[in-house]
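Starting off, we have a lone chain in the form predicted alone, written out as structure tokens.
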Amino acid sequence: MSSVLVVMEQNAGAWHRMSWETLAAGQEMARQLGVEINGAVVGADVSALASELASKRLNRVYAVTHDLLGQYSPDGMTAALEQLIRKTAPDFVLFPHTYQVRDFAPKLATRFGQTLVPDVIGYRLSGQDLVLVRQLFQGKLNADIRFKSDGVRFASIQAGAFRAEAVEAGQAQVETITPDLNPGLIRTKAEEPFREAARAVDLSAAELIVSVGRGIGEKENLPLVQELAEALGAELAASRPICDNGWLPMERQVGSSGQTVAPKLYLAVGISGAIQHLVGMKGAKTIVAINKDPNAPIFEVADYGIVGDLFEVVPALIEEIRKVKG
């Protein structure tokens, strides 16, 4: 029977948050295609994770376990998933677009004579065909991708393109699969963890973000925006010019060359809205922009816009927030 397989990512027994966004995409896609939706989790001991995953709307959960899968390696992950896919024969395999997936998924797709469609932001049905949508040239263009060949098709989902809270609850059976692996298959040894796990701040996990741009004028003015972030209980982020100048560390940069975020609230202060920045934050549930230029591109994506001098607007916001919070 036709199906969609969502491969969830976990690290040391903890889910990568983008896995839930990908599961939301998979559930929606399977419903529109009228096919089954299954999930998979890979590791040395994933029984607890598999049980949690089984509480979502899935037909089946595959717990792919082996001692050699305790530490990530592209060889082990590719071999394990290749065996799972050949056994279950899904039509589509979806991954979260993480550093780990970028490492092994193209290799896995090649095993099936296919290419991975990366960083997908959406999809639509064209007759009986599924058309995937991804961005080109740092978000300046959207491209429609159609599959020409038959067989299993592979895609990764961009952070923030789907909402994790949209995942539907349900009840699924868990099937444990032990792939045929041997130590000689693993040719690499992991050293440093992925950069996203080493960051002092993970903006991708923040629910509230206050982000500052070059409209702040000088580094000495940053405490004003920091005060706003603290009043809201939000993380402080920035556009590239702020980090390039060394006013804030690079780990707080949002955009195509920084972090991709999808908070419940993204408050952009003095950010004009260059496409490189919009790519990193357009997945926010609510976007509020403060800018004195009424024609700033940021207002095209903002849910709420305040045209005014940030040095007048921000202190007033801080005062009102503190009043509301008591």
Ligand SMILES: Cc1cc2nc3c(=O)[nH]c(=O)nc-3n(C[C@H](O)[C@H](O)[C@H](O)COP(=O)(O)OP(=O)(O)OC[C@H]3O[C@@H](n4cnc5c(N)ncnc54)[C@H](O)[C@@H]3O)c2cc1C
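The term rigid core refers to the most C-alpha atoms you can superpose between the two forms while keeping them within 1.5 Å. Throughout, we count residues from 1 along the sequence that is shown. Note that the structure is a prediction, hence the values are computed from the model and not measured.
Absent from the display: the form predicted together with this ligand. The rest refers to it.
With the partner left out here, check for me: in the model of the complex, does some heavy atom of Phe311 sit within 4.5 Å of this ligand? Contact with this ligand, yes.
Exercise: Arg163 in contact with this ligand in the model of the complex, heavy atom 4.5 Å: Judged by the heavy-atom cut-off of 4.5 Å, Arg163 is well away from this ligand in the model of the complex.
Looking at the partner-bound form in the model of the complex, is Gly215 within 4.5 Å of this ligand by any heavy atom? Yes, Gly215 sits close enough to this ligand in the model of the complex that at least one of its heavy atoms falls within 4.5 Å.
Would Thr65 show up as a contact with this ligand in the model of the complex if we use heavy atoms at 4.5 Å? No, no contact at 4.5 Å.
Looking in the model of the complex, is this ligand within 4.5 Å of a heavy atom from each of Ile271, Ala274 and His277? The answer is yes: all three residues contact the partner (heavy atom, 4.5 Å cut-off).
If contact means a heavy atom within 4.5 Å, which one of 54-62, 284-292, 38-46, 24-32 is the stretch that engages this ligand in the model of the complex? Looking at the other structure, the answer is 284-292.
In the model of the complex, which of the listed residues (Pro241, Pro106, Pro118, Gly122) lies with a heavy atom within 4.5 Å of this ligand? Filtering the options by heavy-atom distance leaves Pro241.
Name the single residue among Val254, Ile157, Val93, Val210 that comes within 4.5 Å of this ligand in the model of the complex, judging by heavy atoms. Checking each option against this ligand in the model of the complex, the one that comes within 4.5 Å is Val254.
Quick check: Thr98 between the shown form and the other one - does its CA shift reach 2 Å or more after fitting the rigid core? After core superposition, the displacement of the Thr98 C-alpha between the shown form and the other one stays below 2 Å, so no.
After core superposition, I'd like to know whether Thr110 moves between the shown form and the other one (criterion: C-alpha shift of 2 angstroms or more). No; Thr110 is a residue whose C-alpha shifts by less than 2 Å between the shown form and the other one when the cores are overlaid.
Taking the rigid core as reference, does the Cα of Gln71 move 2 Å or more between the shown form and the other one? Shift at Gln71: below 2 Å after core fit.
Given a CA distance change of at least 3 Å, are Phe299 and Ile121 closer or farther in the model of the complex? Pair moves closer in the model of the complex.
Kindly indicate if, in the model of the complex, the C-alpha atoms of His277 and Met18 are closer or farther apart than in the structure shown, bearing in mind the change is 3 Å or more. Closer, not farther.
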